[in-house]
Structure formats: structure tokens, C-alpha cells
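Given as C-alpha cells, the chain that follows is alone and in the form predicted alone.
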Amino acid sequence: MMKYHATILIELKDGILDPQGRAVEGVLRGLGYRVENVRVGRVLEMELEAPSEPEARESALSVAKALANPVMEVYALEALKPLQEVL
């Protein structure tokens, strides 16, 4: 078995209103930043054990699917890297 580090991004689908993103945008503009279309999402960092990288990828995507609301959100596996062999 190997241990892997996975990074998953969950964000709102295009067209879904993002009140949190609007609030952050308002604060940033108030601070003088020239920003627009700010969106707020979630980043999940985790370590998981799997016998191979394809199985680790499948497991991480399964976690993302379980946590994302399919009506409003999309998810992606942003990174997957091996850490160490687990005895």
C-alpha cells in the first residue's frame, strides 16, 4: 500500500449565485484591489492509502463526489502525489 496526498477543489457551478464571493469582492474593492467575478470554493487536502495511483485517484474522486452538491457544485482533483509506502 502507498500513502498519497490529494488536493480536491469544490466550487459552485457557473450561473449559481455566490453571495460569499460577492461579499469578498466588496471587501477587496474597498481595500483598493481591482477585482471582479470573485468566487469562493472549498479546497480539501487529505492523505489516503491505496495500492496504486489509479486507485488513489478513484478514492479521492469518490470523496469529492460524496461531499459536493451535484445540483450546485462541481469538483476536481487538483493534485495527487505519492508520499510513502505504508507497511
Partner chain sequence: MKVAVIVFPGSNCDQDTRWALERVGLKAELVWHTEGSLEGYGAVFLPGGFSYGDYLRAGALAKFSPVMGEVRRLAQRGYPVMGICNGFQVLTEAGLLPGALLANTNLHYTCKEVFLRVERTDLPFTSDYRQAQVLRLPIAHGEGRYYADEETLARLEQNRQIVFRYVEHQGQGGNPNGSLGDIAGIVNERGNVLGMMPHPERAVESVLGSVDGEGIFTSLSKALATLA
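Positions refer to the first chain, counted from 1. This is a predicted model, so every value here is computed, not measured.
Separately, the form predicted in complex with the partner chain exists; it is not shown, and the next lines address it.
If you check the partner chain in the predicted bound form, you find no heavy atom from any of Leu9, Glu55 and Ala60 within 4.5 Å. Heavy atoms of Arg29 never reach within 4.5 Å of the partner chain in the predicted bound form, leaving it off the interface.
Using a 4.5 angstroms threshold between heavy atoms, Ala79 stays clear of the partner chain in the predicted bound form.
Interface residue remark: Glu73 is counted as part of the site for the partner chain in the predicted bound form, having a heavy atom within 4.5 Å. Residues of 26 to 40 placing a heavy atom within 4.5 Å of the partner chain in the predicted bound form: none.
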